[in-house]
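A lone chain, given as structure tokens: the form predicted alone.
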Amino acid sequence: MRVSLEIAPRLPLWALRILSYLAEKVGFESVWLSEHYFNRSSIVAATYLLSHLRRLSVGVGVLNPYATHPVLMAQVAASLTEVSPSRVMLCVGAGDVSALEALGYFRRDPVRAVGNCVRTIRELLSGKALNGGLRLDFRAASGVPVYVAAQGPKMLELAGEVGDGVLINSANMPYLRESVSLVRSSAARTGRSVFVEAELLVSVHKDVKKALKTVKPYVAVILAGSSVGFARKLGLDEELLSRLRQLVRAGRWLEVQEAVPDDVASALSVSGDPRDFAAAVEELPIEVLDGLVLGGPIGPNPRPAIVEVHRALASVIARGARSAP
């Protein structure tokens, strides 16, 4: 079982480096740098970390084909392999609706757009020239696994068809086994093998209320990009969903913490003290997964929380899994 850490580059690069050093020291195998347009660039952060870390793989994503052209994604991935060969990963997804609209982009046919994007990246990284003169005039120093970030059924099926790996969105945690089954079945139809990882929002602290409060802004971001149908499954009415979208877009995080119901935050995250975290992970369908990606705040105090969550995962890691791409 591969265990990875996801870090949002909202912190200064030197702080990201400290957290990544700690993750490397305690035994995490990779770090994903999430892309949020109002934080630091995940691409710049990946370049910085790959230059300083000795062992950890570093993933860039989730990038989307509306704000970033597939050729630019391939260019970034290939360039990063020159910084550190064989330690670069890339993840593509449909992007957050609210953030894209704020930037003036509109999502159209996301499943098709993501599928075409992944295929284009893979062809360019293999050295092919495409119609219209699209190409890379240099070769990557190593292969780059291309992951698909997926939540809805159609995107999960696409991930099985085209992805080297899939990051199943943490919003799917209540439906994780079903989501994994969709990916596996889709991959089997095309004779492919896909590395399946579940992304979990995590907040660990001895004060359970503090842990839950800390994770709520991350939960709100997920909800802001979710469909009305999904919100209804969680018991959220459309009025509250609309308010959360407004608050997230405005960055009014204190109000977000007041607006997100405790039960919804608990449903979409693993939050509590270290023992709560260990018990919750044991209840996940670990046997159908190849990896876990621990994201979100990790805890109100992330450094001790990183140590605590990795220690709590010892029995899960020991079970082993297939090799990552």
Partner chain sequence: MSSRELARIFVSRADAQRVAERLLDIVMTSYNVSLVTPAEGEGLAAAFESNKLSELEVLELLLELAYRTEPEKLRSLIEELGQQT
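Because the structure is a prediction, the values reported are computed rather than measured. Numbering follows the first chain given and starts at 1.
The following text describes the form predicted in complex with the partner chain, which does not appear among the structures shown.
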Location of the partner chain contact in the model of the complex, chosen stretch of 27 to 35, 46 to 54, 287 to 295, 272 to 280 [non-hydrogen atom, 4.5 Å]: 46 to 54
Proximity of residue 11 to the partner chain in the model of the complex, heavy atoms at 4.5 Å: yes
Partner proximity in the model of the complex: residue 15 to the partner chain, non-hydrogen atom cutoff 4.5 Å: yes
Residue 311, heavy atom within 4.5 angstroms of the partner chain in the model of the complex: no
Within 4.5 Å of the partner chain in the model of the complex: residues from 280 to 310 (heavy atom criterion): 300, 301, 302, 303, 304
